[in-house]
Structure formats: C-alpha cells, structure tokens
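As a starting point, one isolated chain is supplied in structure tokens, in the form predicted on its own.
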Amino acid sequence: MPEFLQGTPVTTLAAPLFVLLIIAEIILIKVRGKGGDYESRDAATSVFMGLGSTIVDGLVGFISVALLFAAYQIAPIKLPINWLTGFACFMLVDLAYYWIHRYYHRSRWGWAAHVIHHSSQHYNLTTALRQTWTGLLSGGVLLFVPIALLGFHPALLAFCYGLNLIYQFWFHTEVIDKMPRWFEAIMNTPSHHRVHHANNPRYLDANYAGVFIIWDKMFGTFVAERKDDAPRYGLVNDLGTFNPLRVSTHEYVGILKDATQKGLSLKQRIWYIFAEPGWCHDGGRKSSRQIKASYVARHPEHKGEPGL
C-alpha cells in the first residue's frame, strides 16, 4: 500500500491551511466591509464542535474502519491502488456522500446528527468546522460499504473521503460571489452551498453535493442562488444557544420527547424517529415540503420555480 495512505489523516494535515484561510477571510471581510461576518461566540462554538468531532472520530472511528475492512475482505476482487482506481474511488465516494447527505436531510434520525452543521446563523469558514459528534449513530457509513465491496481498499476510500471534506471547506464563505460559469456548472461552489445552508423556503433540501454539483442536477435537487432571494442562514427554528452540548444533542432530545408522548401508536412513534424532519402527528410543526407549500400558497406567482 502506498505510504501516503498509511500516515496521518489528510484532513489533519490540512488543518494549518484551514487556519490560514479563516484568518484571510476575516481580514478580507474587515478590509472590504462585506462578504459575511463573524460573531465571536458563534465562531468559537463552531471551532469547539470541530475539535470535539475530531476527538470522537479518533475514539470510535475504528468501528467504521472495521466495517469497511469486513466488506473489503469478502469483495470478489481486490482492485489495485493506482491513479485510475483512485479517480474512480473519488467519484464513487462523492456520489455516496450525496446520498448520505440527502438521507441526513430527509430522515430525522440522520438529521439529528447533521443538524449541528446547519445550526449557525452565520456563513463563514468556521461554519465548515461545525461538525457532528454523533455521525456514527446516523448509520451513514453504510452507504460506503458498497464501494468496499467493489474491491476498493478502505484506506483508499478513507483518503478520498478526506480529500472530499477538504474540498468542502473553502466554499463556506460569502467572500466569493460566483466562480467562472464552467466551474459553477460542474463543481460545488460557495454560491451553490450558500443555497444549501439557507432556510428560505425555496432553498430547503437543495444542493446536497460534496464536490460535484452534477449529482444534484442529475437527481433533481439543484437550486441556483438568486439575487432577489438572498440566503438566510440557520435552522427553520434557531436554537438560541452557543452551548456545544445542547448544539450536539438537542435533536436527539427532541426525538425522545416526541416519540415518548402518551397516546401515540407504534407507527407514530417510529415516524417521529425516522420520518422527515418536521413531521408531526397533529400538524403542530411543518416539514420542509409543507413550508414550501405554504410559501407558494402565499406567493402563487412563484409556483413551479426551482425549489418550489
């Protein structure tokens, strides 16, 4: 196995670059007087969540690794590690990431792990560091198992996933407006990902891509950013706290409270865990689809537009 697959995780090696880019973004915002803003408590929470995520991954990551190695061991063929298989693995990892990310937004159990990343009301490079501490519980790793079963070595898979995450760091910014048209057509960009982080009705559940925005265009989840509907960041119902423990666990607490209400059927209890976020047996809350429908009812002129 090549030495670069046996050393320090590539995301750890990129940490100094992340710090430099954050400093550069802060300076650019101050000099230009636009391009986003920083709130000290919010940024500190994001950094703390990122550090916590790294620690948790170091403690329990072996479970995911063991699962992928078990799948690799029973793969009918074992592919060599070279530039061709590396490229193929990178594309498959990015495709799997798209579906994992889509699952995170369409099932409350997945959302409970992923909501952390969307909990900031600001959009800057520290937001990229606001990562979950409970990713293993989501079960998202299962979507990487087919790649190992195809014969791709788990170390190569992990390396490609690390590169995927590194790419995703830079587009958490408002400093950059648009990239060249050809780049916007193929790659995920700040403009595309601002849509993903926005809570405007038209932008909910859009642009799940990691590296290549082509997946969203192929599977019907792409929505372009509009100047006349500037993204508003945060959750549909914001937390109002910078407490990392609450940020990390609030949705699990909500699931427990909802699923243990008196008088519910077994199906309703299960739905509170796995149905789309916002599902409610008595209509007391709205899912993203219902939020969109309500918006269109109030603004019928926008009916049929992307995202609506």
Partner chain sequence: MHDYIVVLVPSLIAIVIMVILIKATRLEHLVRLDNEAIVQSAIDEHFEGQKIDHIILSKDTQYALAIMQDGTVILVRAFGDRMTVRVLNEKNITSLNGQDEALEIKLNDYTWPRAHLVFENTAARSKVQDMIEKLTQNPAEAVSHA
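All values derive from a computational prediction rather than experimental measurement. Positions refer to the first chain, counted from 1.
The form predicted together with its partner chain is left out here; the points below concern that form.
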Interface segment, criterion being heavy atoms within 4.5 Å of its partner chain in the predicted complex, picked from 164-172, 97-105, 117-125, 213-221 = 117-125
Find the only residue in Ala259, Ala275, Leu67, Val47 having a heavy atom within 4.5 Å of its partner chain in the predicted complex.
-> Val47
Is its partner chain in the predicted complex near all of Asp177, Ser288 and Glu305, within 4.5 Å of a heavy atom of each?
-> no
Even though its partner chain is not shown here, does Arg269 get within 4.5 Å of it in the predicted complex, heavy atoms only?
-> no
Look up in the predicted complex whether Leu264 has a non-hydrogen atom within 4.5 angstroms of its partner chain, and give yes or no.
-> no
Leu239, heavy atom within 4.5 angstroms of its partner chain in the predicted complex = yes
Is there a non-hydrogen atom of Ala297 within 4.5 angstroms of a non-hydrogen atom of its partner chain in the predicted complex?
-> no
May I ask you to list the residues of 242-266 that have any heavy atom within 4.5 angstroms of its partner chain in the predicted complex, in sequence order?
-> Phe242, Leu245, Arg246, Thr249, His250, Val253, Lys257
